[in-house]
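Only one chain is included here, represented as structure tokens and corresponding to the form predicted on its own.
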């Protein structure tokens, strides 16, 4: 829920366990307590998508029987699989553009233990009209970081389980050729198209690819997106890495973002998600300002975490 600064301070002082998203000017004013946070001024609230630097989005976590908070850098980020509760949920926030986020993005799919421990979260961002730093906050110390990740480990009551899912409105265009890449990378020079090596930037130009549509890979029936960030000096920058040996195609065009979200959301059957977030690219390309996506509300992010880093998805968690 979106709340005022005074309300957020009151909840912290009451000892509530909280996940908070807000502009840095607000997060910096919060007292120490049982909370973690990340920067963004974009939200999907109960009344619709909104840009605000005057309100904070707060998830009150009332389902955990125990809570721990820890901070990690690029060299020990995967220690989260050792530090989490056996029957628990890890909420992870990573700052956009940092080395720890790059490390997590590239290596998380190869950390098999990660799949045994439900991990959900997001990449913090900033006002796109500025060049502000993206930050995460460890509320237990009141410390902000631009180069570290913050994790909140939540122990679940006996008999309860965390279920993490995504809503992805994209599917690969089967009429397009298969694209593969020679390495795991966030910046692409060359690719292979149906086995023929070519400049990826040149391929996008020649095909007049609409880069609002992401690359899509089928991971055992689940579609994962890789969104194009930039094309500069013959290289294609990506918001999440492509992986060697994985087959990609560009997504089939979506004619109506909002309607597609409504259709996909209706099919999920989720009732009371305890956490959700939606990608900034969906917010921008789909014109989600003022649009509702019930029952999902939360921060608009620069990347989503559902075990690994994702793009252009709505990510959510339920406790069942």
Partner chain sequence: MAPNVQAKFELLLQKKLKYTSANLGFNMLISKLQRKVASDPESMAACVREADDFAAKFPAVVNADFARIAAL
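Positions refer to the first chain, counted from 1. A quick note: this is a predicted structure, and the numbers were derived from the prediction, not measured.
Just so you know, the form predicted in complex with its partner chain exists too; it's not on screen, but the next bit is about it.
Just one of 186, 144, 246, 71 comes within 4.5 Å of its partner chain in the model of the complex, counting any heavy atom, and that one is 246. Checking 238, 80, 179, 166 against its partner chain in the model of the complex, a heavy atom within 4.5 Å turns up for just one residue: 166. Checking 91 to 99, 200 to 208, 114 to 122, 229 to 237 against its partner chain in the model of the complex, the stretch whose residues place heavy atoms within 4.5 Å of it is 114 to 122.
Within this chain, residue 219 lines the site of its partner chain in the model of the complex, having a heavy atom no more than 4.5 Å away. In the model of the complex, its partner chain lies farther than 4.5 Å from every heavy atom of residue 192. In the model of the complex, none of the heavy atoms of residue 9 sits within 4.5 Å of a heavy atom of its partner chain. Among heavy atoms of residue 170, none comes within 4.5 Å of its partner chain in the model of the complex.
Residues 306, 307, 308 of 286 to 310 are found to place at least one heavy atom within 4.5 Å of its partner chain in the model of the complex.
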